[in-house]
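Just one chain follows, in the form predicted on its own, and it is written as structure tokens.
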Amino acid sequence: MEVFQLIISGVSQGCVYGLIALGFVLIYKATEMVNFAQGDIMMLGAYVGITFISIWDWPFWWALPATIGVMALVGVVLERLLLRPMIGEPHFAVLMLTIGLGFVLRAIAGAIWGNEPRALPTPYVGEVLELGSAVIGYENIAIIAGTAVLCLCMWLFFRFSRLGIAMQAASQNQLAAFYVGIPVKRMYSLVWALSAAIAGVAGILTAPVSLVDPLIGFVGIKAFAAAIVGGFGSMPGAIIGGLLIGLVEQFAGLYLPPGFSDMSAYVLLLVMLLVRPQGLFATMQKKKV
């Protein structure tokens, strides 16, 4: 039963990594930019949820869609004001811009909400499910279930909706998409909105498990490793990479000496780069325009 609990904990933590990694992949596939502020956008989403629930006293099921909407708007604003002018600039310049954006978001969060850790109350916080001798927190179940529902919605969106198909077309061949009438720049904004909304969901899901502070966004480093392990261009790979890192962390914490749990994600990353540099699900494509 101890192993079963470790698996549940690892899967739930891996789902958080996977959702953040999904944001990395979405933005990269559409714009060939790497957004190193993705973890800090997740942190901002958690604070927006805290504002709605703890400060404004909104019901949780109202606060959740409101947080998603606010974060989607944040994604659009960031893309229009900061990232769109960087199209065509060297990748290093874009990378430094997103790193700087992370510092700015952390400073803004500290100035508005303070640097003390905050908790996010939810209807299921503190509840547990007992399966024999295994005790599973509802918070972990909510993370796993929420990730599964979100992934299903994403698959349906990209598979059957005209907007989702247009976003895929714009990410695969920008020039051809433009010639057939797809507004490519608008697709960029929508991708950033979707990425920020997913980060907001990740923030809401993870906040009941770990207290929220401005530094929680550094989890994005492990999510970036998850994106590389899964294949930096594959959306299923982002989720699977996150699950692998979450599971490895849990079992390393049990069976290896103290301190190895935190570094296990980077060890897995190094092994993957040595054995299969393209990741588990390599769908990287050459630039076509």
Partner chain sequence: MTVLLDIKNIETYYGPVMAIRGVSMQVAEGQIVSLLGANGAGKTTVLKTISGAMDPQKGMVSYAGEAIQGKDPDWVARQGIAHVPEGREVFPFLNVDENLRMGAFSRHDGDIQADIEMVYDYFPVLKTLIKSQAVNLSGGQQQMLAIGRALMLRPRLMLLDEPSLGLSPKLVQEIAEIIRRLNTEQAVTVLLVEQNAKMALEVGDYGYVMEVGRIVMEDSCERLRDATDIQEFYLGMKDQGVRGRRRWKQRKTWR
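Positions refer to the first chain, counted from 1. Being a predicted model, the structure only gives us computed values, none of them experimental.
A second form of this protein, the form predicted together with its partner chain, is not displayed here; the remarks below concern that form.
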item	value
Answer range among 206-214, 140-148, 172-180, 123-131 for contact with its partner chain, defined in the predicted complex as heavy atoms within 4.5 Å	172-180
Single option in Ile165, Met96, Cys153, Ala111 placed near its partner chain in the predicted complex, where near means a heavy atom within 4.5 Å	Ile165
Partner-contacting position among Leu194, Met187, Leu83, Val74 - heavy atom within 4.5 Å of its partner chain in the predicted complex	Met187
In the predicted complex, His91 touching its partner chain (heavy atom, 4.5 Å)	no
